[in-house]
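What follows is one chain in structure tokens, specifically the form predicted alone.
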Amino acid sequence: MTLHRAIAIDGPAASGKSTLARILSQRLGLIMVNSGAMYRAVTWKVLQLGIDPADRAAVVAALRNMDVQCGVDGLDSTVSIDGIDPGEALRSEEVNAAVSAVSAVPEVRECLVSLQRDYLKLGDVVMEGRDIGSVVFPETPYKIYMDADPLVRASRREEVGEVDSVAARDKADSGRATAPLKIADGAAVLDTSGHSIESGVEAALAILAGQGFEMPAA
């Protein structure tokens, strides 16, 4: 079985990971995988079941009975739980508030990391998240860690109607015992604070070229 290339895009909330990954997907013809959507889907199901996200034993018990299906629609990753696509519910305030707790459960991460790695069986991928370069694909040479000033990131969250605390999310993601948010070995840091979307994409393409990623012919 041939495994394909993976571009790992990591960074904190509102650093621009999703936007960059989507544009790279379109320009380079890669499958775009939003790993955060997987964690949000499990979180959504946990809440649907009335489980306290802080009750790790209950979360693990629920996970064992979930049918988590990950696939591809065109170049976009998809995720469903027990045959249901949660859709816009993944971005709800309730899911925003609970996803860090559910994501910190080791069994949840183990399950979803396995599903994330399976995408390499389908084609070349650009995957964004918080542990892609450090845990999911530690051996890929194509790694970018995106960051931005906390005030800039908070403003971006507000612009899309999300009011969860960037500082609280950073603390939860960086401080968890399992797969904490960090700069992966070999990753290039891209600060997007002063970048437009286009200039940030061009900077990322330059980084990938420097890391030896072979660009498709124009």
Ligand code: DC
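Note that the structure is predicted; figures quoted are calculated from it, not measured. Residue positions are given as counts along the sequence shown, with the first one as 1.
Omitted here: the form predicted together with this ligand. The next part is about that form.
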message: Looking at Leu120, Val99, Val79, Ala148 here, can you tell me which has any non-hydrogen atom within 4.5 angstroms of this ligand in the predicted bound form?
response: Val99
- prompt: Taking 4.5 angstroms as the cut-off for heavy atoms, does Arg40 touch this ligand in the predicted bound form?
  reply: yes
query: Counting only non-hydrogen atoms and a 4.5 angstroms cut-off, does Gly186 reach this ligand in the predicted bound form?
result: no
task: Answer for Lys45 alone: is it within 4.5 Å of this ligand in the predicted bound form, judged on heavy atom distances?
output: no
- prompt: Any of the heavy atoms of Arg56 lying within 4.5 Å of this ligand in the predicted bound form?
  reply: no
message: Only one of 80 to 88, 140 to 148, 102 to 110, 67 to 75 has heavy atoms within 4.5 Å of this ligand in the predicted bound form; I'd like to know which.
response: 102 to 110
